[in-house]
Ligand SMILES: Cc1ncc(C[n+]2csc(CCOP(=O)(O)OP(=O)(O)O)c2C)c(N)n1
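In structure tokens, the next block holds one chain alone, the form predicted alone.
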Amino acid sequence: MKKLLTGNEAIARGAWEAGVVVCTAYPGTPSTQITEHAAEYDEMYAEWSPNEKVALEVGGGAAIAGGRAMVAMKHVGVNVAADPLFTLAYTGINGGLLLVAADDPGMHSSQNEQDSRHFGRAAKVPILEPADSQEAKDFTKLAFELSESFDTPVMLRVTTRVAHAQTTVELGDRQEVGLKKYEKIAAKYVMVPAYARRRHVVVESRLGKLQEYSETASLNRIEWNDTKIGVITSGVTYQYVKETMKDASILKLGITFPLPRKLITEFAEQVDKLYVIEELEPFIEDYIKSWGIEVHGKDTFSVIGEILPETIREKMGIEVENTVDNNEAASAIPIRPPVLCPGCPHRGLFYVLSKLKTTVAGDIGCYTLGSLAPLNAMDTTICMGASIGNAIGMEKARGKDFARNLVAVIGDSTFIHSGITGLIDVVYNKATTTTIILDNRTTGMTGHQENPTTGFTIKGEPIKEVDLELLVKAIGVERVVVVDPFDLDKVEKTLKEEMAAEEPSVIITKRICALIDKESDKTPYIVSQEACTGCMRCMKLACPCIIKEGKKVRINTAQCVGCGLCVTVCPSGAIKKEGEANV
């Protein structure tokens, strides 16, 4: 049976067919849907972990106990999970362990471009790279066989295009592999220095065996055509090379670490000119150059952004006839700047922060959009959980006077992920930082996943939720205030009081995300053109529903969700519920 699947769906399916029993993750685009789909299979336990480090530790524990485990995350999540990754490479596994790392060339939804292959190489674990959904499923299944055969974690590296594109997949049945026998082996799993030194020897020996396997593995294959040009490639760029360079000979690599040196050398010797076409870093190219082989790569293609078919045509001088001008087509599409959603609970807070000209150390989440005009209410965004630490550093560098107009903002899920330790630092090292936890009852940016503060698991099972008020008080914060972010007067008053305090404080803004709010009145608002004075104060809210027309404004009722925030800032009373005023 064949079915159209995204790469993420195919990976989840591959895990199910491979007999996986535990799937863990922290949501992050482009990897989120892997675990969401894994949770649909009753045979697999699935969880949203508090962060990627915990996710890999849980997966590692399951694998050591004898069960096959899959852990999924986006590329920056691999940074967070690096600590257990490097040591699990030393301990090896029992049941198979797969780490899916989803890179984001072009930064469609990320704060940086990062090549996870470097982590795989540094940890000395094998890296597989599928080029479509069928390979995503097949490589996932193979990864568990390799993991158990070579006693190692395996990395499956995908990119946004593979993760989200749909191709047909041949479905198979689930293989019930069962649990492997668990044995207590301290010398293998307890990484004190004496044991770790021995395990490092094992890692190096294993790498040599993986190298031999890579030379003959069917995942690496040559497709011979004209030998004037030879291209070495992997992942989604293989598809683009096939589409654009129809006459070229291609060495498609499904295993990108360790590389098949003999196979690459033989291929290089039989083509006149050799190219490596790979997104982001010259990972494959640098290896080939180190072997003394002449090759072109990043002298032609950039290390920045995606490599698309049109990129290859341009760089390789390939002319195309009778095609649509994509640039012309794209220019006809109106630009939609990123903006907080209609009714977003964060809008009121950022409006007040902007009004007070507050210095705001920001964090990763949909609320990062508060940094954009006209709100302009954020000074920094570095990584998950960094806002509180950034604010502490600002205060320690510039003094308490500066801190009187300084806050850290962080979402509820992000606070659980990696903000708790920052708040502990505030208390422990005597900072006076005011932290604002934006509690919208969901993990909004990645598509409304549950988290430990929502009261439900990934499978919708009710659980005892984390009480943010009790948590921050347990850390040692005595000043804790909960406010509705749409109560602008209360928000402003609270901000002034807490920033002026000579001790740590936490403000929790609590209001459900508008996109999952099923209970509030959604009747849209309209603007009375007779009453509107054209002061444009409502435009400062950055609500996409409010549109400037001439010297006045109107509200797009198709978008408006009836939050009423605009009513609170309109000095003329021109904004009314639909049906209550004449336009």
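Treat the numbers as computed from the prediction; the structure is a model and nothing was measured. Numbering starts at 1 and runs along the sequence shown.
A second form of this protein, the form predicted in complex with this ligand, is not displayed here; the remarks below concern that form.
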Seminar exercise, completed: Which of 245 to 253, 272 to 280, 412 to 420, 484 to 492 lies within 4.5 Å of this ligand in the predicted bound form, heavy atoms considered? The stretch 412 to 420
Exercise. Given that the partner is absent here, does residue 60 sit within 4.5 Å of this ligand in the predicted bound form, heavy atoms only?
Worked result: no
Exercise. With the partner left out of view, is residue 125 within 4.5 angstroms of this ligand in the predicted bound form by any non-hydrogen atom?
Worked result: no
Exercise. Is there a non-hydrogen atom of residue 440 within 4.5 angstroms of a non-hydrogen atom of this ligand in the predicted bound form?
Worked result: yes
For this session: Verify the contact flag for residue 365: yes if a non-hydrogen atom of it lies within 4.5 Å of a non-hydrogen atom of this ligand in the predicted bound form, no if not.
Result: yes
Exercise. Taking 132, 161 and 297 as the candidate spot, are all three within 4.5 angstroms of this ligand in the predicted bound form by heavy atoms?
Worked result: no
Seminar exercise, completed: Among 384, 284, 406, 426, just one has a heavy atom within 4.5 Å of this ligand in the predicted bound form, namely 384
For this session: Let me know the one among 207, 356, 146, 445 whose heavy atoms come within 4.5 Å of this ligand in the predicted bound form, would you?
Result: 445
Exercise. Which residues in 23 to 60 have a heavy atom within 4.5 Å of this ligand in the predicted bound form?
Worked result: 26, 27, 28, 52
